[in-house]
Ligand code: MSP
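Here we start with a single chain on its own, the form predicted on its own, put down as structure tokens.
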């Protein structure tokens, strides 16, 4: 029996209900899983939730409930949504599952016995937001950026994983497996991080209770990331290991591409074949975030249909890159591609088959395009059909559904032009007196049918319900997405075939009315939330004259790069209008260097220069956060120019 294609999503942290970031990842996994089933493969698709850790423990305490009760409440949102969206995962795993607890404890004991885990005492600073101890250098970086309030001083006994031992094995593995992390520019980030040196990793805590206990030492709770990553091992069906594809957001790539393979190496297990890091959905230039109040929930978009949302995700996001979301862009895409594009083509074509041939397609043109009776436009469509089928399937095999759908919609546009050029309505008027017109009309209708038949198969992984509706309107039986449907080449169609009534695939959105409703909802009064805010205490009061000495200026980031051997620092060249400066910011937990370039920021311009990691930083960027969150850069208005005073 062949190995199943094993695909996983990250397990989602139970601090909030699903937003479109979670939904996008799960849809992408489901689309890939459906594609591989249509290629004739057995598929194991795993998703779930990460439910342990200090943040969950604190959030539950603030509400006066148990951490498990909080997790159960949030998990229900995920399971119901995935059911509503017809996700095809074989298991929804939870880190509170009993079989997972046993796996985590057994693997911890294995590494303890082998010496890859050892006990020591740690005294130093702990980052609440990262749920991890930080080095002295990392602490200085945070403090220099005004983020020292995220740190607490701890001294506790801890178990450590010998991550430093696997620095060279990881680099050797990376060199031998260029497919291990995709896309390439993310793999390069991972390599640079490991090349900067790895330190042993604390993997237990004694100051929290919500987690899986260390098997031989009950006062210790196992580090949330060691626990969470092992879900992929717990959930693997027999014979499915290793994972063929693991989908992660770019913000958790380091955990999956450094810690995770090191753990597996220590356990003597085969590493995943590919870790695919996708980008973020942005609102404007900012990552969607509950704390920013710019989160788009999937239920807001599902009113337009499950398949429509799946299509938008796959059509508009190039895997690996960020993508800005707007309601206008969402509706424009659906109207253009689904209502005016595929929907209109299907309705026109089936209606013409019914009108001109009583709904019966009696034959198919020669797939090689060499038979008589075909003109150049017919041969062009035949060739385009084959190239579309081959190219769309090839893109899908590379997990590039943006590319796959792009070539399919190129065919749809070419078919619209073909209809205009062939003018079937003119041929129908002439066919009684002109045998050539009759023959040409047959060919046109056959090619339109053939194209829609193939398109329904090609879009099935992305839009299974819509593809099935089209399939049945074409008079086909069974499931359009049946296993193995993609395994051969261009499908042959048995004729004669009787088409059904053309069912609408997508109803055009009244964009003006929908935007008005969205704007009214956004402007509605918001009820006050009583949940306490996790922020530091107010600093000592200062007088106006003291504050007035601070010179805040608008700046624009011209260049940005990661600082070697630092997990937090990014080195930037910032234009202040009157001069350019080098400024170091401890913001790598919230931003990648690429997404900072061109961004406008607020700079403390008269701060004395300070050396960090051997680099002089002349200024500081303003950012917001609570005690547990990542930094969020303060952004001036778009039309503010570098050098403007902020007051």
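Residue numbers count along the first chain shown, from 1. Keep in mind that what you see is a predicted model, and the values were worked out from it rather than measured.
Below, we refer to the form predicted together with the named molecule, which is not included among the displayed structures.
Judged against the named molecule in the model of the complex with a 4.5 angstroms heavy atom cut-off, the residues 34, 91 and 307 are out of contact without exception. Partner proximity in the model of the complex, defined as non-hydrogen atoms within 4.5 angstroms of the named molecule, places exactly one of 96 to 104, 559 to 567, 224 to 232, 166 to 174 at the interface: 224 to 232.
Proximity of residue 499 to the named molecule in the model of the complex: non-hydrogen atoms within 4.5 Å are absent; the residue sits far from the partner. Within 4.5 Å of some heavy atom of the named molecule in the model of the complex lies at least one heavy atom of residue 21. When contacts are judged by a 4.5 Å heavy atom cut-off, residue 403 does not count as touching the named molecule in the model of the complex. Residue contact with the named molecule in the model of the complex: residue 10 places a heavy atom within 4.5 Å of it. Between the named molecule and the residues 74, 252, 236, 437, the one pair within 4.5 Å by heavy atoms in the model of the complex involves 252. Here is the short version: of 243, 261, 279, 298, the single residue with a heavy atom within 4.5 Å of the named molecule in the model of the complex is 279. Contacts to the named molecule in the model of the complex (heavy atom within 4.5 Å) from stretch 38 to 55: 50 only.
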